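One chain is shown next in structure tokens, namely the form predicted alone.
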């Protein structure tokens, strides 16, 4: 799993029928402090996330393990929204 921030949305009117009706969000990996460290990527949203949310994403075959993405052509999925991050006893992120 990776920590990422949702930075945008994408619209695709022509896509594989197995992902019709699924929201595709642009994410970018962050460190535990919320600082960007990776390149943007698109992930299928399974938790109704939105721009600005800090989320957990799964990739590769793990991305196809949710009820929504099972046996679908996805490589990244948003499978949780983060409420709080605590590292070494310090809260580094608090939703709200």
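Residue numbers count along the first chain shown, from 1. Everything quoted here is computed from the prediction, not taken from an experiment.
This next part talks about the form predicted in complex with another copy of the chain, which is not shown.
- Contact check for residue 73: a non-hydrogen atom falls within 4.5 Å of another copy of the chain in the predicted bound form.
- Among heavy atoms of residue 40, some come within 4.5 Å of another copy of the chain in the predicted bound form.
- If you take 69-96 and check each residue for a heavy atom within 4.5 Å of another copy of the chain in the predicted bound form, you get 71, 72, 73, 74, 75, 76, 79, 80, 81, 82, 83, 84, 85, 86, 87, 88, in sequence order.
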